[in-house]
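Only one chain is given next, in structure tokens, and it is the form predicted on its own.
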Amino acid sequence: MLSSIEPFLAVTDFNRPAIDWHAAAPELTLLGFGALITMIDIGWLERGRKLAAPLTSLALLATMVPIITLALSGEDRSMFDGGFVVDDYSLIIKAMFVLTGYVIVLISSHYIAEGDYWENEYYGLLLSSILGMILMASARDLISIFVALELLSIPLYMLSTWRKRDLKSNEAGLKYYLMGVFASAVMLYGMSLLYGATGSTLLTDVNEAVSATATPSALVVLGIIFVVVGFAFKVSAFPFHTWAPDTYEGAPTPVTAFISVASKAAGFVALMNLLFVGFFGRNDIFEPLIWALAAASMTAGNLMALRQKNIVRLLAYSGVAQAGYMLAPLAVASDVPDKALTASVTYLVIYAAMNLGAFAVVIAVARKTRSGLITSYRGLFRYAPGLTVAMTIFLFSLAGIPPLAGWLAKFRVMEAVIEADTTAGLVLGIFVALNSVIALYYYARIGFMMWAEEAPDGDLKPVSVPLPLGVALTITAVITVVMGIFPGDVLGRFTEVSLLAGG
């Protein structure tokens, strides 16, 4: 039998790619724990419910171990001809996704258990989505970017409908699914055009091909526009944000928090990978489009947030505006590449902490009020002073008030657009400044209600905060305060990352 295949082996070249198992360890760790949770669900059924949350927490903490060891090694790693890259930039993004997932598990534990939801499936889908996110951080190939995007998105479509008997939750999941599939189709069509124009899916090859001529072909122009528009849906940039308010309101609040932070961050990470590695030579195409998306998102998002009466919908439109701030540095990427990437990465990390904290407070307050109305926060200081202080920290950080971390995020954005020293950058800086003032109004309005007004119906019964939710609030509050008070350490590390990733 062996002799019969020897001629075949002699003329066949098996180009098996070398696998760096250490570089792939974070993804493999999550994959292994996800399979374990699935097996427990199959074998033990409902008896395994109590193990789901602890195992998911253990999975995320275990995933941090290879991320830390890779960071300590100080070595950049690459596989599949550069299609999968592990460097300081990707490791910081992966750590952010893993820690975000850990906070989501903390704020989900009592919410999911008390609501009699399907816990095993919930945490399995959560791990699957996080796996897609950390894969996205290392993806430098059009195919791997698309696979990672769908791996993180499909579980979120299902998690959005997790309140099965709630029509709003069903509507949320359906809208998210339909808009997400449409966005993926637009983006995939753009990728196919780029592959047709360049003959490669590797981002470095794509950049070399699209930059080869002074005048781009129609295929290249349409391909870049379609890909950017597809990701504009994913990050809920105006006018592609229409799914966000209804999805945020209808989905379970922990899922909403996860979508608003991790899903948005993953979209931005993919966009940054594409712009800085794949399309950088064609800034004449993507920068005007990013500029328009940034200006429109921050302006429309803030104006629509002014009229909201529901706290979750307000945070949804606030998220649209925040997407505009994060897009702003990318509109001047060719002029100040390092500062632009530094600004966007800094904003992503800080936004994750302060927005997760705000949603954690929303979950805690809803345990008593059972209402999502902003008016339910009246007099919160009278019966929940700790929650009031925490919510004030998160809201004013979102507004960019020193010394909270939000001011650092906006400072880096302003620094990037101003140092670009172009008319487009200066005008965008004016947009950022004016919209920060507009946003302060609706954030401060909630603060005034909490501190200065009386509680509705004089109900001063304290809010019961479960221990895991309290831990999540503490983690996010500490990060929000520390990153604002000690910006030097944060900026130094992120500057190194930007030079490695953007250079």
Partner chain sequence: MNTIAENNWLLTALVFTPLAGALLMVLIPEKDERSHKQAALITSLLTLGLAVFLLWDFDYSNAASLQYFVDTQWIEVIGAGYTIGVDGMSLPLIALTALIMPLVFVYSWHHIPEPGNAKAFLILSLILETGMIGTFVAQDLVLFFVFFEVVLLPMFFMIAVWGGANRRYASLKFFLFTLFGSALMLLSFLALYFLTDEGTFNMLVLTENAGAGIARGTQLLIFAGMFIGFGVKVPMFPFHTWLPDAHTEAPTQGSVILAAVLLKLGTYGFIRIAIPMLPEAAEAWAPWIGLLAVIGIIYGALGCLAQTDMKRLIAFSSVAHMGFVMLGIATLTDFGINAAIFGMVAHGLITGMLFFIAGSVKERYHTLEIKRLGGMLVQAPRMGWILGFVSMASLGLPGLAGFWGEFPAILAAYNPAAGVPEGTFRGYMVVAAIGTVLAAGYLLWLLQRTAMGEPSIEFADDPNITDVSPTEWIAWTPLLVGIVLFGVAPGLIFEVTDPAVVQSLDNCIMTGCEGVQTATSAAGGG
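None of these values were measured; they are calculated from a predicted model. Positions refer to the first chain, counted from 1.
We do not show the form predicted in complex with its partner chain, though everything after this point is about it.
Taking non-hydrogen atoms only, residue 447 approaches its partner chain to within 4.5 angstroms in the model of the complex. Not displayed here, its partner chain is kept clear of residue 276 by more than 4.5 Å at the level of heavy atoms in the model of the complex. Although the partner is absent from this view, residue 418 contacts its partner chain in the model of the complex, with a non-hydrogen atom inside 4.5 angstroms. Its partner chain in the model of the complex is approached by residue 440, whose closest heavy atom lies within 4.5 angstroms of it.
The candidate spot formed by 382, 411 and 453 lies fully in contact with its partner chain in the model of the complex, as each residue has a heavy atom within 4.5 Å of it. 392 is the sole member of 392, 153, 198, 109 with a non-hydrogen atom lying within 4.5 angstroms of its partner chain in the model of the complex. Checking 133, 404, 203, 172 for any heavy atom within 4.5 Å of its partner chain in the model of the complex turns up a single hit: 404.
Proximity to its partner chain in the model of the complex, taken as heavy atoms within 4.5 Å, picks out 393-401 from the listed stretches 190-198, 81-89, 157-165, 393-401. In the model of the complex, its partner chain lies within 4.5 angstroms of a heavy atom of only one residue of 335-355, namely 339.
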